[in-house]
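First, one chain by itself in structure tokens, the form predicted on its own.
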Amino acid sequence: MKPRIGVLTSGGDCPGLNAVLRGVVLAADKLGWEVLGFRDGFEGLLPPGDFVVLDRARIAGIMPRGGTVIGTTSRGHFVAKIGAGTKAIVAAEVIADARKVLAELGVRALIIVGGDGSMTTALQLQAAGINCVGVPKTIDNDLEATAMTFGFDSAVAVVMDALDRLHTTATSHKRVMVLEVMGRHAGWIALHGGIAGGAHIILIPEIPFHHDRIADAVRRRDARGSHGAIVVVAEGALPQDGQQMLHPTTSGEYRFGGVGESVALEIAARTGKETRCCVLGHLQRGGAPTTLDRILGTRFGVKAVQLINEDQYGSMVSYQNYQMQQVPIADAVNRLRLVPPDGQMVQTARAVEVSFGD
């Protein structure tokens, strides 16, 4: 039997996951290894093991597809995140069951593709004797341990396209159009998408806003004869005298959302202008990956296999200075990369007359 490695995708889906799987399979095949893809995230590790053999035939043509061909979940027995910043310990018997399944299948190491919560689970599996290599995944681009994650560029492209469409409505009707985008703790999607889409006001978690300042920015545009306005707001943005809009869920997590509609109502009340809100939501996660995300995903997958070949377990692939490198998973978890309020991107936006409501 060929040497075997495993791979799973955990947490939210995003464009580029299938590029990672393809990179893993092709790189492993060159080494004479067989790849088992465990279905629906960590849940596929439970007895008797729910997996599919990923070979060249199965990964043919998957590069342009969104989502993940082996499925994913953010629920179940292995979930290591139970609230905002709160971590839970995966039950010892659950890890023991997974270790037994992997041993019976002859899996040498496991590639875990996921975000901060998934990497926390990976640490626990590694500590229990399961060889793990991490691949960071988040469209929010907010992991400190890597300069960029795949899926981010695709999400920004969706925001840009939406803004291109909203501009015509805003101009035609002299309306203010508010677009709520993803970004719970970091405003990278809102910032990059807002700049690329020509937004006039961008609201991000890192820069608390004043409703009056937003209204002032809208009035200034009116005074210049520009009677439409575009506002991009990250779901985690918050007013200086308020709180983030959180909604409890049955899983113990909090779901963000609603700040866009709140901002729209406040703008209308303060300026008298007709204001509408549009929420992109999961549209940012779906669809075909961009060129950049296809390349990044492939490189992440190939590097993960290389780390296994070098017995660099407990490591996570990291993209730094245009090169694929590695960092200890322990150094990567629970470290968010936030937008610097005085950084170059914010300064660039301000230079082209974008207001941050501060």
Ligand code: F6P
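None of the values given here were measured: they were computed from a predicted structure. So that there is no doubt, residue numbering starts at 1 and follows the sequence shown.
As for the form predicted together with the named molecule, it is not shown, yet the points below apply to it.
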item: Proximity to the named molecule in the predicted complex (heavy atom, within 4.5 Å), stretch among 197-205, 91-99, 176-184, 119-127; value: 176-184
item: Non-hydrogen atom contact I111 with the named molecule in the predicted complex at 4.5 angstroms; value: no
item: The named molecule contact in the predicted complex: K273, any heavy atom under 4.5 Å; value: no
item: Contact label in the predicted complex: D153 to the named molecule, heavy atom within 4.5 Å; value: no
item: Residue contact check: I139 to the named molecule in the predicted complex, 4.5 Å heavy atom; value: yes
item: Heavy atom within 4.5 Å of the named molecule in the predicted complex - residue from H77, R221, R213, R285; value: R285
